[in-house]
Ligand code: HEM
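Let's start with one chain on its own, the form predicted on its own, as structure tokens.
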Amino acid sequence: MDTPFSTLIRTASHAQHTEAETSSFMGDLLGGRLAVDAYARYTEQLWFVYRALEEGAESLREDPVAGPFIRPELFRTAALEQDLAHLRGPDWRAGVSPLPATLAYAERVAECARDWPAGYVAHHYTRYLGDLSGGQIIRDKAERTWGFDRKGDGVRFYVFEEIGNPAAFKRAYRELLDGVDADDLEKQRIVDECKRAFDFNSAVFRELGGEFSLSA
């Protein structure tokens, strides 16, 4: 009861988080063992998820639970579209497709946005705090491995130009979590949904690993 909710949600989902970030696909991607096409395919999957997150955001602005988390400076869809235009060309929309795991993930995000704002918070936290933290490792590797200009096309998704101090922003975000308008039972449900979000990510990585298997 005395543990800050931001600490509880982080520690309770640690195992699922670790499983997602240590997937074989992500290991091969970060290890420079995959071609840029794998990075582009991963970026496609992100687009479907963030489109669900951000299309659902407008209706939640006044919600007492999810509303405080709706911060336009976090929105990533436009940046992903710039990256995909660079990676896939101007007609990229004609060629992108969600993996089955991605489709299930995006549908769950949309469902939470529509029917359960507290569940939406779990997905919001999982994605955006990850972008501001571990996502920066992916950006650095992408720049080094495939020669993208720093903060330029190809890695714009990872660049939060409107957030001047990411560390301070993350502290403020954790304070929002600590003050979330939910009782203890609902907080536990948020934690469970956070675990589910990481499981969705792991499923996407497994399917990407199937498409880009080094042993194939």
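Computed from a predicted model, the values in this text were never measured in an experiment. So that there is no doubt, residue numbering starts at 1 and follows the sequence shown.
As for the form predicted together with the named molecule, it is not shown, yet the points below apply to it.
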Point to revise | residue 10: touches the named molecule in the predicted complex, heavy atom cutoff 4.5 angstroms | key: yes
Review point. Residue 127 near the named molecule in the predicted complex, any heavy atom under 4.5 Å?
Key: yes
Exercise for review: May I ask you to check whether residue 30 falls inside a 4.5 Å heavy atom distance of the named molecule in the predicted complex?
Suggested key: yes
Exercise for review: Classify residue 89 as contacting or not contacting the named molecule in the predicted complex by the rule of any non-hydrogen atom within 4.5 angstroms, answering yes or no.
Suggested key: no
Point to revise | Contact residue in the predicted complex, chosen from 156, 41, 174, 51 - any heavy atom within 4.5 Å of the named molecule | key: 174
Review point. Among 85, 101, 138, 118, which has any heavy atom within 4.5 Å of the named molecule in the predicted complex?
Key: 138
Exercise for review: Could you tell me which of 183-191, 143-151, 66-74, 166-174 sits within 4.5 Å of the named molecule in the predicted complex, going by non-hydrogen atoms?
Suggested key: 166-174
Point to revise | Those residues of 174-212 which, in the predicted complex, come within 4.5 Å of the named molecule by heavy atom | key: 174, 198, 201, 205
